[in-house]
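Okay, here we've got a single chain as structure tokens, the form predicted alone, with questions on binding and movement later.
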């Protein structure tokens, strides 16, 4: 049975297609809340999750932005709706949850149904939870990588080699991509860098790059720009590459787990046609990967799945105990990246960018890759190529670091004692920057005045928070007053991070 219903637009996006029915209409279709409906108009259709309301006109369907975009709907349009049975892939998810391994055909069915929204968020959460509890085998990681690529758009540059760089993230201030892309492109190689926006960090690469130039490019625009100037930095969310991955990430985020890390990375690299990829694995107590042994284990899986997807991949463990450079937040980081390209950047940022670019260059036969990358930076060739990339993407190639505005509301945290900086808390720096408004407010963020090992005097500035709004600055200030963002101690006390309050145990008398 189907119904013809008039559409009213809800005017919001929820991440998944949603349709609201009156309870009488839902009863006649035999559906309950969270069931699925097939919604048709003309030759287009979309599967939507059902919500049920009372006292809604029986001939009305409320639809969110995802349904409206999929079918090109406006208020008053008529759609046909009918109930659909749970997809076959839901059985595969239940079997996976029970401990069964997945074949490629089963993975492909799951991924196809994720893309067309046939699996609801409960089933998707079950898939993600099961993968987190039992882990993906190398075969399953490869199957998901392959299926994610095959069910999305692909970039075909028609050239080889195609180079790429990726970081698993977790360290604030990591703006190395803004250096690596122009370094590689200035040497005549192609590097179509698709990047994410921030989820939990003060800025994703797309947020940083957007300060300098538009990043919401189409696949054809990416192709044209890369073939013209060698590289680009585009927001991957606008390109339709491996779309199942974006839907999986939406479920992973609130659960604070990342079991699809490997297929997520490999699928995105394969979708842009990358032949050689350098993978940055930050290691440290403030990073996602805590030890070198964890990094080695992850590296083995990444390299093998990459090989099966036709990608030559090299992993590099980098220091992740403190932020990269001195800034965290879109505008502050864009400033710092431009300064580095002009020869005035922090030593750790320059070293990391040159090291990663150097590995990529050595992968394609360039000897002494890091030295070559450093020379490209020193000579100004990378800066000139970045100007060309910015201009090709519609930005101002003449922009200078000091031209980029940052928040005018500021708070400076100062050292309470003389000593040496023995710890910088990545989480605290990121949280303070986000409370100040980053990444949505481009001018918000944190600027460090010290690094680990710096010797400071009492009253010396440790960091400054920038914000565009007084209330947000106050929230960041109050947070920093209750959290140790920068730990200062005497060298002989450096093994002690803090004295923690505790209550003595009460002995029990028998």
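Numbering follows the first chain given and starts at 1. Small disclaimer: the values here were computed from a predicted structure and weren't measured.
Keep in mind the form predicted together with a further copy of the same chain is missing from the figure; the text below concerns it.
Taken together, the three residues 53, 133 and 250 all come within 4.5 Å of a further copy of the same chain in the predicted bound form, as judged by their closest heavy atom.
In the predicted bound form, no heavy atom of residue 459 sits within 4.5 Å of a further copy of the same chain. Using a 4.5 angstroms threshold between heavy atoms, residue 69 counts as touching a further copy of the same chain in the predicted bound form.
In the predicted bound form, a further copy of the same chain sits within 4.5 Å of a heavy atom belonging to residue 129. a further copy of the same chain in the predicted bound form is approached by residue 34, whose closest heavy atom lies within 4.5 angstroms of it.
Out of the listed residues 159, 122, 138, 292, 122 is the one that sits within 4.5 Å of a further copy of the same chain in the predicted bound form by at least one heavy atom.
The partner is absent here, but in the predicted bound form a heavy atom of 207, alone among 280, 113, 207, 106, sits within 4.5 Å of a further copy of the same chain. Figure note: of the listed segments 192-200, 339-347, 142-150, 371-379, the one touching a further copy of the same chain in the predicted bound form, with heavy atoms no more than 4.5 Å away, is 192-200.
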